[in-house]
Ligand SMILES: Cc1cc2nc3c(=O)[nH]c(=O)nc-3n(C[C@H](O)[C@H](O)[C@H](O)COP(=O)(O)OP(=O)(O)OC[C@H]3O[C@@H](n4cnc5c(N)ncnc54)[C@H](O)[C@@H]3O)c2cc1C
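Shown next as structure tokens: one chain only, the form predicted alone.
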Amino acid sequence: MAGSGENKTAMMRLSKFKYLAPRSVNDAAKMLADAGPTASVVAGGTDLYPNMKRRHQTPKTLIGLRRVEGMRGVSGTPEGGLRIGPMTTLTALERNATVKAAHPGLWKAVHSISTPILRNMGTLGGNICLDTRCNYYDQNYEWRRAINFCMKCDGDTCWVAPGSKVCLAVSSSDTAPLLCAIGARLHLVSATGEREIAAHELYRRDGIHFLSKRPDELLTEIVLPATNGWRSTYRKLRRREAFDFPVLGVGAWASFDGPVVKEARIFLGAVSPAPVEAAEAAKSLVGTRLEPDAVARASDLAYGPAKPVDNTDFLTRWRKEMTKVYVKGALEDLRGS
């Protein structure tokens, strides 16, 4: 029994790793390239360190970004576009008056994440690259071993759908659907070069390989588009008003010509391994004034793309029904802004 107790205690400890603390983006990129696939980048560590304790990830090298110059803060103007460093804490964004006034949708998404204490440590970059989640994956090592593990870590079966060839762990980032909806862009840097992609291009519908970012690339900047007559918002479904991850997130954006919608985008989070675009729902809003019948029609159209599976909180059928309710609420936010 003593040996068993010692093993259980050990499983909640971090495995051994080398920690590197670069001072520049170039140094960080070189360290990441040199360390190879056994390395991980750590920002605030609020997700990675618990995962390491549960043996979801066991990197040999951790490259900490806390001391890297130029990766924190907000610059630019709302009219010309804001640029945010990925190491900017969620609390700093929450307290930034420019972000709150110019990008209320992003502010709502950030404000909804976890708890104030964890937002002090968590970063925007960390939330953008947040690991996918699943009831069969986010358990301790002994629990997972008892079911012979799962496809996402150490096993070969997706227990959500045993016949699935793809892991169905869901995207649980609150900022992802909002950034996709507003058309944000992400700057990536590696030792061999750099590139910029649209936020929606970062995500893949695969719970294991959920990011298109290469293992040797660093997220170095988030670019928000100029605020030019458009509005955005975010709505989140969860059991508790704090701490919980979303079981549904709705990021909505619309540009207007007076009261009439010129263009719109709606992205759903936590219903797939990647944010899902409700394109037909958004298209139906063009040319309307967001009157109740147009909002109801778009909410009904958003119901189709939402395909939650049984690997998070609440019943899947109810979560799908809530898509209509939360899309309707988000569009009413846009109408009332």
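The numbering used is simple: start at 1 and walk along the sequence shown. Remember, predicted model here, so these are calculated numbers, not experimental data.
The same protein has a further form, the form predicted in complex with the ligand, not shown here; the description that follows concerns it.
- For the candidate set A29, A306, V68, L48, a heavy atom within 4.5 Å of the ligand in the predicted bound form is found for exactly one residue, namely L48.
- Checking A254, I113, L248, C180 against the ligand in the predicted bound form, a heavy atom within 4.5 Å turns up for just one residue: I113.
- Contact check for L90, G126 and K236: all three have a heavy atom within 4.5 Å of the ligand in the predicted bound form.
- Proximity of V261 to the ligand in the predicted bound form falls outside the 4.5 Å heavy atom cutoff.
- Contact check for S272: every heavy atom lies farther than 4.5 Å from the ligand in the predicted bound form.
- By the criterion of a heavy atom within 4.5 Å, A278 is excluded from the residues contacting the ligand in the predicted bound form.
- Not displayed here, the ligand is kept clear of T288 by more than 4.5 Å at the level of heavy atoms in the predicted bound form.
- You can rule out all but one of 172 to 180, 262 to 270, 93 to 101, 74 to 82: in the predicted bound form, only 172 to 180 has residues with a heavy atom within 4.5 Å of the ligand.
- Interface residues of 28 to 49, taken as those with a heavy atom within 4.5 Å of the ligand in the predicted bound form (partner not displayed): S40, V41, V42, A43, G44, G45, T46, D47, L48, in sequence order.
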